[in-house]
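Shown below, as structure tokens, is a lone chain in the form predicted alone; questions about how it binds or moves come after it.
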Amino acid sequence: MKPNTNKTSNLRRRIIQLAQQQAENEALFDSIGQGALATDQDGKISRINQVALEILGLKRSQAIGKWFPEVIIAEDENGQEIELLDRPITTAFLTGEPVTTSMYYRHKKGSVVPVSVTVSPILMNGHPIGAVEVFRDTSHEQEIDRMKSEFIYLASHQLRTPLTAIKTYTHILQNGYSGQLTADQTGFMDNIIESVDRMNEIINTLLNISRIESGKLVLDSKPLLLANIIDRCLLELKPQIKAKNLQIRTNIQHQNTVNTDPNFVHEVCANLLSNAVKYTPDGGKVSVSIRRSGNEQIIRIQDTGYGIPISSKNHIFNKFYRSPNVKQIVSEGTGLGLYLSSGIVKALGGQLWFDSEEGKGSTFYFALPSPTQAKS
């Protein structure tokens, strides 16, 4: 009888240990400061914490055991419901990789909540058997961003007037209307005008960012030869190109036409080409090409510069971000150019992406919708 008694005692001890472990896991899951839920391999919610329930306006009984798309309605920024295949839990299941994205979750009462979502698959022998999702309400962050953008917009507007006055009077002095200047004074005036122009560029960048973020970017579309834009940008960068002894190679078909806003296309091309020149060492190469692919015209800008580290690739289009490997080499830069370019390209209905390897250079691609060619 003693062996059976020992077996029973061991079994009870094991049951108690498992119960304690489950209680600890539940406590740990509920203590997470963000919304959290877990699903099984069928996509049914097996666990959800109180923060998640509050964000979604649900009771625990309304979530546990339910298929996640039926409980949590996800929408994009346009208010369209996100398809099941595009949900991060599905993506994590299919790829076996963690997924991070932003979207909107619909509250039980009908309102929508902006959320930042991270999903990690639960793998066993390389196969997903579930997923854990952690998400947080970003409403407060979005409101802060809105207030920042509004402040930048108003401040930039106010800065334009005194800068215009500075530039006007500087030109008056430079042109000798108030007496002839010495060679040193003329040089000083050149530096002042150059600095004012640079400040105007920054102000225009900030204003355009504010317009994009507030949805107030106004486009003036018209037929445009992309070759003309590239030629103009390269001409503007000629002093920097010459100073660094860079080789510029172009492969441009002059019939590449799009119907879009020329000023904003120029802004994007100028940013990309300026970066290529700025972040390429002396004697390097910058190549520019334009080609048609389907219903798109693709501008390709390649350099032999410093490249982008792997750790920076997911942040390169973020506002104010500059890759750490170039900060000490090139001190100038606001970290706004690529952020602005990304917003403009999206507004133009195009795409912006890149390939890069640290120490070997970068290639940026800028695709725009192209008018369909008439059939002969």
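One-based numbering along the sequence shown. Quick caveat, the model's predicted, so the values are computed rather than measured.
The form predicted together with a small molecule exists for this protein as well; it is not shown, and the discussion that follows is about that form.
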The single option of Thr334, Gln62, Gln34, Ser46 touching the small molecule in the predicted complex, heavy atom within 4.5 Å: Thr334
Selected contact from Ile72, Leu226, Ala131, Ala276, since only one has a non-hydrogen atom within 4.5 angstroms of the small molecule in the predicted complex: Ala276
Any non-hydrogen atom of Ser342 within 4.5 angstroms of the small molecule in the predicted complex: no
Touches the small molecule in the predicted complex: Ile55 (any heavy atom, 4.5 Å): no
4.5 Å heavy atom contact, Trp67 to the small molecule in the predicted complex: no
Proximity of Gly350 to the small molecule in the predicted complex, heavy atoms at 4.5 Å: no
Stretch in contact, per heavy atom within 4.5 angstroms of the small molecule in the predicted complex, of 232-240, 169-177, 302-310, 259-267: 302-310
